[in-house]
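Taking the form predicted alone, here's one chain by itself in structure tokens.
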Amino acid sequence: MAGGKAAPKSSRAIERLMRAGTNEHYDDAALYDFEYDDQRDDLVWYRARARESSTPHPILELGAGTGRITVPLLEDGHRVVAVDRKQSMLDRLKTKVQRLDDARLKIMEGDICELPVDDHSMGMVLAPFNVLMHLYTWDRLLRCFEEVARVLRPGGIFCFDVLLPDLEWLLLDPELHHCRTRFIHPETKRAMVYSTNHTYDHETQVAHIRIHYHDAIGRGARVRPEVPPRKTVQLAHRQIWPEELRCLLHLAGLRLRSLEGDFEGDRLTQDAESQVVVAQKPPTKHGHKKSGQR
């Protein structure tokens, strides 16, 4: 099936697929940590934005996960409220924080579209590493932005990044496997090979990614093609376009300060991988809806 096409699915099957794509990639928190341990550019950028903000109020991190961004922010002296919906990820974060013995972190399990945080209580909000791509409809994304506007103090900063949709990648043959890579599982110490393929749903703008984990053969990234993968993990990412971000931020009452193509400050071009965004809540609340505390 070339061109990213797939047979139509029932609404119930799509619901199961979306649920799996939201959860499965985060079930194995140790493997998740291992896979993204070398992710550094965004960490440097978020730490710099937090230093520039120099807010005395806490920083709220959406989709904090296992704390790849959270822990360095704590080490920099910031107070952080870490929100995530996945308990397995938060459990690993709690283990790291126990070693730090740091009282400046508050961990909260919750939905980033219904933040368990008081109005005007945060000096900065961060949504790193594509967490917003798990909001699968425009109204869920708008709801999240409205919640960010609610919890930020006037003048507070909202920083996030999402992938820039890549049409060439989205339309790859969903039967072909890509990114074949050998690795040693951090806990089982088993030599494995992972590869990915995906199907893109044009109607919903969701890429349904499949990550396949095979036993490795020999020293390279070879697998036995006749043997099914030991595990296949689903990951769903809704593609978000730049003009959609501009529109929804505006509707939520947030001002766009910058939208760049990487963490080095380069322009957003067709070669960019990410959309790196800084928005701001206006310094006064004039003209915006008043919301109650949660």
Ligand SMILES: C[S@@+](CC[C@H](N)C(=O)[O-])C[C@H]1O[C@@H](n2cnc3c(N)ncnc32)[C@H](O)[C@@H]1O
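So that there is no doubt, residue numbering starts at 1 and follows the sequence shown. The model shown is predicted, which means the values in this text are computed figures rather than measured ones.
The protein also exists as the form predicted in complex with the named molecule; that form is not presented, and the subsequent description refers to it.
Contact with the named molecule in the predicted bound form, defined as a heavy atom within 4.5 Å, holds for exactly one of M89, V81, L164, L74, namely M89. Just one of M124, L105, V131, L93 comes within 4.5 Å of the named molecule in the predicted bound form, counting any heavy atom, and that one is V131. Although the partner is absent from this view, I240 stays clear of the named molecule in the predicted bound form, with no non-hydrogen atom inside 4.5 angstroms. The shortest heavy atom separation between E146 and the named molecule in the predicted bound form exceeds 4.5 Å. Residue contact with the named molecule in the predicted bound form: A64 places a heavy atom within 4.5 Å of it. Under a 4.5 angstroms non-hydrogen atom cutoff, the named molecule in the predicted bound form has D111 among its neighbouring residues. Contact with the named molecule in the predicted bound form holds for all three of T22, Y26 and R85, each having a heavy atom within 4.5 Å.
Residue heavy atoms within 4.5 Å of the named molecule in the predicted bound form occur in exactly one stretch of 65 to 73, 50 to 58, 245 to 253, 222 to 230, and that stretch is 65 to 73.
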